[in-house]
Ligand SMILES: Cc1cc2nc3c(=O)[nH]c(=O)nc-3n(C[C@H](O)[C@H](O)[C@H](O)COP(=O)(O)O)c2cc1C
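Only one chain is given next, in structure tokens, and it is the form predicted alone.
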């Protein structure tokens, strides 16, 4: 799937009003990112604003620095910015009675050095972990899939190996106390367990859910329960 949507929504204040009306009896994750019009040097303000408006409703907050559809967003894959945004958001959490888990969602298209810098920043911080990984904007991959002339990020089976490779690398470097959430190419029970075998603590899916429908989740949960009862 080619996702060119970015973060189309009416903004944190409108979403806050919706969340205030909900009965909270589920696990809720909230993904936050900057406006397209925000310059890179001011993006940290957008993240903090979103966090402070929405964190009371969330079980976990995702700091998304990896959408390929927001201009300059992936330039935030550097140690200086990651340390800055982690410090600001964890400080806000420390000063609040609301304590959601906080994750950074990374791109699958960065250099090894950039991953090492981000992992180092996370290891030294109070942040809870990483989400590995977002969609791919790799030109070679998009060319193979005949979408090189289109904007957006590739998701689904086409990025499974790429995402798994980064997952394995992150697992080898990240502090064992941190949480790894894996996403990318989960289409069946086997690809779900592959994420766990590579070190994921939790698994997300998006494209697989769209193509396979809600029964995919039922199959995974049923298999997981059977495996647990047999062990």
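Treat the numbers as computed from the prediction; the structure is a model and nothing was measured. Residue numbers count along the first chain shown, from 1.
We do not show the form predicted together with the ligand, though everything after this point is about it.
The contact residue chosen from 181, 205, 198, 174 relative to the ligand in the predicted complex is 205, the criterion being a non-hydrogen atom within 4.5 angstroms. Taking 102, 159, 76, 118 one by one, only a single residue has any non-hydrogen atom within 4.5 Å of the ligand in the predicted complex, and it is 159. Across the options 94-102, 142-150, 81-89, 127-135, residues that bring heavy atoms within 4.5 Å of the ligand in the predicted complex belong to 127-135. Interface membership of residue 64, defined by any non-hydrogen atom within 4.5 Å of the ligand in the predicted complex, is confirmed.
Contact annotation: residue 191 falls outside 4.5 Å of the ligand in the predicted complex, judged by heavy atom distances. In the predicted complex, the ligand sits beyond 4.5 Å of every heavy atom of residue 38. In the predicted complex, the ligand sits beyond 4.5 Å of every heavy atom of residue 55.
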